[in-house]
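Let's start with one chain on its own, the form predicted on its own, as structure tokens.
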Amino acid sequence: MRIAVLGTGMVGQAVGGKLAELGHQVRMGSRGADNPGALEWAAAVGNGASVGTFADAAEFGEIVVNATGGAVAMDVLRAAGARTLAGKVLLDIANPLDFGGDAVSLSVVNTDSLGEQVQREFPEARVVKGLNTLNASVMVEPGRVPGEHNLFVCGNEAEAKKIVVELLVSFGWAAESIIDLGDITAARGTEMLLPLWLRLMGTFGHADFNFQVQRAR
């Protein structure tokens, strides 16, 4: 498939690299088509990788991955363009983290979420929140964490979630480890995990961990 990855940071590079490794054509989008990080990533990945602006990448992709920081996510998606995103599956990995205080907080919380804001502003996009509760390296290599552990997805459209789950299974995730939490309002809960996740990373001293939900059978 042709897949757009918006964002040139650790998440964008990890997810984009994995998608290219799996044989997809991946275009990384940034503010300028000459972004040094994106160009370096494309050169390292090689065949199947290209770069462009946010709008270029979104136009190219059949699926669009929002791998930007939460503080800039809406501006990036506006730059990609509502018309371009219409009808496409939009995997939203961004979290609304606010590092301005003594402790990390969320810029939107409780009665709303970044995932919901994205769906409201781009109503014709098929938004799926996912991959936002773990480190980039574990996203694309779940075996870095031993044993069973879980991913969460949510979104308003069942078919869009199915497409995202199939993509995640190709990354190496077991289908039964991916929990569908329902509609996009569930993004409130998954985004709220991030302050806890950051505390755990500080406690453990590394990011190779994930959440596991234990259920009575």
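The structure displayed is predicted, hence computed values, not measured ones. Don't overthink the numbering: it's just position in the shown sequence, from 1.
The discussion below concerns the form predicted in complex with another copy of the chain, not included here.
- With the partner omitted from this view, the residue of 34, 40, 159, 148 that lies near another copy of the chain in the model of the complex is 148 [heavy atom within 4.5 Å].
- In summary, among the residues 163, 181, 45, 55, the only one with a non-hydrogen atom within 4.5 Å of another copy of the chain in the model of the complex is 181.
- Of the candidate stretches 163 to 171, 47 to 55, 61 to 69, 182 to 190, only 182 to 190 contains residues with a heavy atom within 4.5 Å of another copy of the chain in the model of the complex.
- Another copy of the chain in the model of the complex comes within 4.5 Å of no heavy atom belonging to residue 137.
- The closest heavy atom approach of residue 196 to another copy of the chain in the model of the complex falls within 4.5 Å.
- With a 4.5 Å cutoff on heavy atoms, residue 109 counts as touching another copy of the chain in the model of the complex.
- At a distance threshold of 4.5 angstroms between non-hydrogen atoms, residue 200 is in contact with another copy of the chain in the model of the complex.
- Residues in 58 to 82 all lack a heavy atom within 4.5 Å of another copy of the chain in the model of the complex.
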